[in-house]
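Take a look at this one chain, the form predicted alone, written out in structure tokens.
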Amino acid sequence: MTGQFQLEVFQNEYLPEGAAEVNAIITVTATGSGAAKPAGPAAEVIIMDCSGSMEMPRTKLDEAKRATRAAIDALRDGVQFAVVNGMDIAEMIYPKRTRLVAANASTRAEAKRAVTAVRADGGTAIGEWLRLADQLFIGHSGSVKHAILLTDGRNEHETPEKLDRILKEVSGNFVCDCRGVGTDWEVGELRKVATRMLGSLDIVAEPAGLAADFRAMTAAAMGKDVADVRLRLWTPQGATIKYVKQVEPSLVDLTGRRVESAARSGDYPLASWGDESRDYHLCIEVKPAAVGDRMLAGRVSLLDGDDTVLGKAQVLAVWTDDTALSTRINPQVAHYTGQAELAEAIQEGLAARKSGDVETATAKLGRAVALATETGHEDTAKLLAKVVDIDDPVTGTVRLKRQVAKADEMTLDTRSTVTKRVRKPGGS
């Protein structure tokens, strides 16, 4: 481990008599890695959709090749890597054998030649692609393991049950950033993959944008130097964990990813880290106590893959009959609660619009406009304005547009889980 971790807790620990729910935002900040220190071991797999639809139009395949070559060029010397051909089966593009090779001038050149020679054929089976990537990462424990997955279509050559089964097998073994090119892929399907693999999701509507995106994703992965970080949460006897979510830089529900580590203690995967900061929302239900009582509602520890403790924090509960204390709203908790509602309103509004339920779509997307305005989420507000005509952004009075470009609708859906950090006292 080369970086230093700091944990900060933002909450209103005061609860009224009889209350049980404790909410806290945990900000985790890592510093101290970077170019001045030797980089840790890393492994990278680039999964390139080479199904027949990538030829329609041909520019998709050409730009995917250009993007993959850009990602290869962005690898550090010594990083173990491979390129996978994604069709209705998964095959190796480079190297030919099922293994990773160390990046250097010679292997980069060989890999780029192999990518250039690829032809499109067959269908789409994302689960098989992930399974081959997982196989390639075997034997690289302790490394920062990262994959890029590109697709232009739906997962039509394997069942949803098979994809779910493979995701269950491989999740936690590596991080996978997912990109959809064009507008013929399913946002919900690819979001499921990205969420399970703790990676990012985005749309690249125009293939020409792929190279810059691939280069940026690879550079970000090269900046990680602490692998397999976990958040360990201990709670007292009788407590119930309602949820644990990453809330910044994007919404990811980690509740179902808990792995029991000891009595009343469980681990939640946070993937790999470089110099960065993320926020997590913990919601714990405890047994109500008497006015004046003070309770440790949760003890948070951060651990790396070797079980080294990187940082600790405490979540408290104090019962009071002072309403001035118990009714104080913590701005961080309120902000991220609103961000979750914003994402939900967008996704439910778009689903209602697609099904022809105009009334629900108008209400949900109107609520989304009001929340985006209230929280200063300008990027989301601009995306919403491409789907609805806005009469009053404050009250969320909107009308559905008659004609909406599919790329605009998919961009709004894809980026609905991207959050905006609240300004903290004394911070930026």
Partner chain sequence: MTCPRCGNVVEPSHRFCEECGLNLRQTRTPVGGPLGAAAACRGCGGDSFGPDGFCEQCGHVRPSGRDRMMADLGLVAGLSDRGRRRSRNEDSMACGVAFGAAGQPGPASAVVAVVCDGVASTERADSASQVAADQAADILLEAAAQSDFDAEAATSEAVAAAFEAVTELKRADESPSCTYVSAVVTGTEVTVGWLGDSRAYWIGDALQSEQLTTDDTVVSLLIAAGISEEDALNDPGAHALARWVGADAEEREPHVRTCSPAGSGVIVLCSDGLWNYLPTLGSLDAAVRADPRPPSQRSPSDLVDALVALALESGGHDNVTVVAVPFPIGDGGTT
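The model shown is predicted, which means the values in this text are computed figures rather than measured ones. Numbering follows the first chain given and starts at 1.
Below, we turn to the form predicted in complex with the partner chain, even though it does not appear here.
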Of these, 160, 292, 78, 142, which has a heavy atom no more than 4.5 Å from the partner chain in the predicted complex?
292
The partner chain in the predicted complex has a heavy atom of only one listed residue within 4.5 Å, and of 329, 109, 138, 296 that residue is 296
Testing 330-338, 127-135, 302-310, 229-237 against the partner chain in the predicted complex with a 4.5 Å heavy atom criterion leaves exactly one stretch, namely 229-237
Please run the contact check for residue 314 against the partner chain in the predicted complex: heavy atoms, 4.5 angstroms, yes or no?
yes
Would residue 264 show up as a contact with the partner chain in the predicted complex if we use heavy atoms at 4.5 Å?
yes
Flag residue 21 as yes or no: does it have a non-hydrogen atom within 4.5 angstroms of any non-hydrogen atom of the partner chain in the predicted complex?
no
Can you tell me whether residue 318 touches the partner chain? I mean in the predicted complex, with a 4.5 angstroms heavy atom cut-off.
yes
